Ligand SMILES: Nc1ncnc2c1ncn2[C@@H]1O[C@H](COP(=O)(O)OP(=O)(O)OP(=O)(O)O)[C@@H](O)[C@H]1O
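Before any questions on binding or motion, here is one chain by itself as structure tokens, the form predicted on its own.
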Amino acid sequence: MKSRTSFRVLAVDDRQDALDIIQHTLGAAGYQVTTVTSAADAVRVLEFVSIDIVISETTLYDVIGLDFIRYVRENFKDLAIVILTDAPCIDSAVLSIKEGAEDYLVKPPDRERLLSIMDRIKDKLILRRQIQEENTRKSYGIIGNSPGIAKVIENIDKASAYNANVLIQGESGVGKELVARAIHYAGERARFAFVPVNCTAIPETLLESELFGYARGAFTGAGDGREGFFQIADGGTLFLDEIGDASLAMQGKLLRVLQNKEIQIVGSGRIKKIDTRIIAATNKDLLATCASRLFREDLYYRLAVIEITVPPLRERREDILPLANMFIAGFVKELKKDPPEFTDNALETIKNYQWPGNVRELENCIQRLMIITDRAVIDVSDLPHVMRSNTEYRIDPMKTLAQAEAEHIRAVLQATGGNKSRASSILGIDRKTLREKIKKFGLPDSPPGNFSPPGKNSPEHFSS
């Protein structure tokens, strides 16, 4: 952060007495001050010296009116301007502020007011430059300043510099595919394809042919054959989402591909060498799944050369409002509506909500509010019922995370009358995941009124 000592001031006036006051006052306060008596000399200084603040008379003898102020504003956008004016010329000073000046001083400049204005502008410049640095920081389109997101960005930097396989872990809705795309497009494979494949979206019977391609006549309806995802992604990246749900048989075939860097096309004895980077993602604890023999340990270690864990939204609450603002800006353009204002209570509720569906649930919530709320101001009463009820029943801080999750899912099911489609949409997870959680926590399909959290025998360790 800049100190006064490193802030440079250029004072421009054709009256030496005003320049002397500025030089002595600001110099004693630690500012570095350069004084000139004409606009021409000021321009020469600006071209060769990094100036932070310009203090200028509006009626310099060698320029007309506000021309110098406009010139500085248009050509040196990262500095601040303060106007010097005689008492009868206040209107000129006000016009200068409209042209982009920060403030004005009446000559002879009052020392206390001069210091007050300069210190205020100094603080403003420091904040502006901090924001500019933040905006230019490599963020890969990932919104957030929390330590958890900073660690994710650091790991993306490392992963994008190499071609090693990557395993991304995190709950549903945290943005695992966004991280995978960032790694791909920041690396040397960016000129080739990024091919996303959801392992749960393709039937097991078709997964092998979709991944490895098939030859003509390989099976009924095979037609002329086609390339598989591995071939399409050759030279680029294959993103295997929900890898934890792949069958053991498919895991074995993937392991052979990773070991040998080659695939066998279905219905053909032909072997094809491939150069495809694998980035896999899961919302499960794969090591725990390996322990239960549902996932191959040797495949896990092949995939997890680099591991990146994306934290859930409830663990990075400082990112919630910046994310909400980003979604609001997007939906303002899409829906052609004015951006709404949120009351303090509404913002507090949004920040304190558990967000089990993470970023995806937050986006869905903002979209819903933008569509169905006609008022310019959004209050707690406009928020989804599950969020309002979340403020009514406080989660006991002594409960385990599994108990808190079960309690919230139960509340969502109650709020939707047991409608799993709507509940899964609110939670930001798919119906299959919701069914698994209902079974896991022993929740009834149509919840009764009162909730009993899972007892000591309920699973303490969970993944979504």
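One rule holds for the numbers: they count along the sequence shown, beginning at 1. Model, not experiment: these values are computed from the prediction.
Missing here is the form predicted together with the named molecule; even so, the following discussion is about that form.
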{"property": "Proximity of Tyr104 to the named molecule in the predicted bound form, heavy atoms at 4.5 Å", "result": "no"}
{"property": "Contact label in the predicted bound form: Pro312 to the named molecule, heavy atom within 4.5 Å", "result": "no"}
{"property": "Heavy atom of Ala193 within 4.5 Å of the named molecule in the predicted bound form", "result": "no"}
{"property": "The named molecule contact at Glu177 in the predicted bound form, heavy atom, 4.5 Å", "result": "yes"}
{"property": "Partner-facing stretch of 111-119, 358-366, 202-210, 73-81, counted where any non-hydrogen atom is within 4.5 angstroms of the named molecule in the predicted bound form", "result": "358-366"}
{"property": "Interface residue in the predicted bound form among Pro339, Gly141, Gly269, Pro147, criterion: non-hydrogen atom within 4.5 angstroms of the named molecule", "result": "Gly141"}
{"property": "Position in contact with the named molecule when the complex is considered in the predicted bound form, options Leu323, Met370, Ala346, Leu254, heavy atoms within 4.5 Å", "result": "Leu323"}
{"property": "Contact set, 238-259 vs the named molecule in the predicted bound form - heavy atom within 4.5 angstroms", "result": "Asp241"}
{"property": "Direction of the Cα shift between Ser424 and Met370 in the predicted bound form, where the change is 3 Å or more", "result": "farther"}
{"property": "Distance trend in the predicted bound form - C-alpha atoms of Asp379 and Ser424, change of 3 Å or more", "result": "farther"}
